[in-house]
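Below you will find one chain, with nothing else, as structure tokens; this is the form predicted on its own, and questions on how it binds or moves follow later.
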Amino acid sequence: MMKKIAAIHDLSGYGRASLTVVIPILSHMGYQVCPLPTAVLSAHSEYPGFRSQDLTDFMGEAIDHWKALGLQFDAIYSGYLASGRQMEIVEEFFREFKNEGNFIVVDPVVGDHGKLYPGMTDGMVAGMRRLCACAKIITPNLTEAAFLLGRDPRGPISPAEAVRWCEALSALGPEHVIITSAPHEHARNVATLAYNRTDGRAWRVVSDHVPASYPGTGDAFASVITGCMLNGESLPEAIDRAVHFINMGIKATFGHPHQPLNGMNQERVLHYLNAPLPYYSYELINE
């Protein structure tokens, strides 16, 4: 039977982000994606003047229907949430639909580049921290890791300190902590860190820096992680595949004339998700 993933994200009519990224990736990996939309946007929120329809009330109605149908999911995966009330609804969803046979992934979308996203508050960061406590896997970027830990998101941080942040985040509850956009000894490289609280091992995958930024790559990364872990891949294998996919997608986009706000041209690289990795590049960093 095909495995099912409940995906709690917003839906943008234009621009690759949230559900328009999540659904094609996880569908291509062989899963049935069951979206629980949090809002419908005319275009993702980095486009000026976007229109948005909040679906907070509908979320409760949809969840009640899913409970009446007796639905069960093999994984539950949440991303950007627009209010404290939505975080409360999702926390209740976790309690209702978590069971011994599934797991929860939380992408704690609260900020980037050293600051919170517009509309995010300290109270919402606290709400996201509670959701992380319910998860098996969390995938913050370095800024989000700082806010979740109450650290300075703009201060310099060494690669060794970033690993300690992974360990500190795992103390909130998640078994696996993955931090993207982490520092590396060489400025031209970018690191992705992963920590497994069960065995105390930390892993790193390094990629070369491409001078481009595209909305939705965080959604794509967390989606690949979700699919890989549901497929039984190890934590270092999962981050290796996710980093490789994002790196290939960025390079497939960067070489063409392209409006960056449109997002990464992931359609050109979806086939890599089901292909053998050309090589393994992960390394153990805390022997």
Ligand code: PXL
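Heads up: residue numbers just count along the shown sequence, starting at 1. None of the values given here were measured: they were computed from a predicted structure.
One more form of this protein, predicted together with this ligand, exists but is not displayed; see below.
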property	result
Sole residue of 105, 182, 109, 145 within 4.5 Å of this ligand in the predicted complex, by heavy atom	109
Contact assignment for this ligand in the predicted complex, among 262, 45, 247, 253, heavy atom within 4.5 Å	45
Option from 85-93, 170-178, 151-159, 213-221 whose residues, in the predicted complex, bring a heavy atom within 4.5 Å of this ligand	213-221
4.5 Å heavy atom contact, residue 97 and this ligand in the predicted complex	no
Distance check, residue 165 to this ligand in the predicted complex, heavy atom within 4.5 Å	no
Non-hydrogen atom contact residue 80 with this ligand in the predicted complex at 4.5 angstroms	yes
Exercise: residue 73 in contact with this ligand in the predicted complex, heavy atom 4.5 Å	no
Within 1-27, the residues that have a heavy atom no more than 4.5 Å from this ligand in the predicted complex	10, 12, 17, 18
